Ligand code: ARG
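Consider the single chain below, provided in structure tokens and representing the form predicted alone.
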Amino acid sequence: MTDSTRRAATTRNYLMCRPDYFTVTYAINPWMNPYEPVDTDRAISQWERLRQVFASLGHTVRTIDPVEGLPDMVFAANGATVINGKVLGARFRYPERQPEGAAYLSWFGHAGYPVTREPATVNEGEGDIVFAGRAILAGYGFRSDKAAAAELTELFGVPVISLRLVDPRYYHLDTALTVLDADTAAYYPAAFDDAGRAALASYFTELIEAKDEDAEVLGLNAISDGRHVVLPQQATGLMVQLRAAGFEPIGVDMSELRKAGGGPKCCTLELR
């Protein structure tokens, strides 16, 4: 069996937030510069294109209304973690984003999710928490607390592998790693310490190592349905690597949203 025939897509359910109020007025990661102009209309256009790509692949996209004064609410991945219908809300490290946690939990409550829990520890949702099938990968070091692992295990009943991030440019796990399927991931080794690299090598059968130039355009802030991988179109080298491994990369331009450190994955929360 070849790589291309063993890669199988499954339909997904996503939550997104239109960037009607997107701008950069503060700096809480190395990508943000309040003095660099931001084109909100262009950000909306890029976001709409991403949503269209998901729809074209057969995925379901639901939306949460944006809230004026919360410019980073577009980054829906940070809003919660959803596994088997259970929801762990987000507790943000920086005051500028803290109201987002309540907004997302309110959406899940109104959407009828039976188990929604406010977090006791700092975690920034799927920005740092990745469900990898047999385990949860939990990033820490910049935005989420390592102690969130215990809360994840208790609520979801799944083993947690903690991964320390060491490069501030890759402040969330989803900027340095993307799970492609149950056995395969792409990652940027320099974003992790030795223990983290060893843990990933032990967990995944196949690891694709992204080059510097692809990591630096947030190429790993990507979403895979098991076959199709939606990623920033500027990550051309990573696209070649993905094709060689039997995946079908789909490039999208998220350059305006990258001004706040975001990409396709940041804008997308999977509803499992």
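Residue numbers run from 1 along the displayed sequence. Because the structure is a prediction, the values reported are computed rather than measured.
The discussion below concerns the form predicted together with ligand ARG, not included here.
Undergrad: Want to guess which of 76 to 84, 150 to 158, 102 to 110, 197 to 205 is within 4.5 Å of ligand ARG in the model of the complex, heavy atoms only?
TA: Partner-contacting stretch among the options: 76 to 84.
Undergrad: On the criterion of a non-hydrogen atom at 4.5 angstroms or closer, are 29, 32 and 143 all touching ligand ARG in the model of the complex?
TA: Verified in the model of the complex; spot residues all in contact, yes.
Undergrad: So in the model of the complex, does residue 260 come within 4.5 Å of ligand ARG, heavy atom to heavy atom?
TA: Result yes; residue 260 sits at the interface with ligand ARG in the model of the complex.
Undergrad: With heavy atoms only and a cut-off of 4.5 Å, decide whether residue 269 touches ligand ARG in the model of the complex.
TA: Taking the distances in the model of the complex, the answer for residue 269 is no, it never comes within 4.5 Å of ligand ARG.
Undergrad: Contact with ligand ARG in the model of the complex for residue 139, defined as at least one heavy atom pair within 4.5 Å: yes or no?
TA: Contact with ligand ARG, no.
Undergrad: Can you work out whether residue 188 and ligand ARG are in contact in the model of the complex, taking contact to mean some heavy atom pair no more than 4.5 Å apart?
TA: Residue 188: no, not in contact with ligand ARG in the model of the complex.
Undergrad: Just give me the residues of 80 to 98, first to last, that have a heavy atom within 4.5 Å of ligand ARG in the model of the complex.
TA: Heavy-atom contacts within 4.5 Å come from 97 alone.
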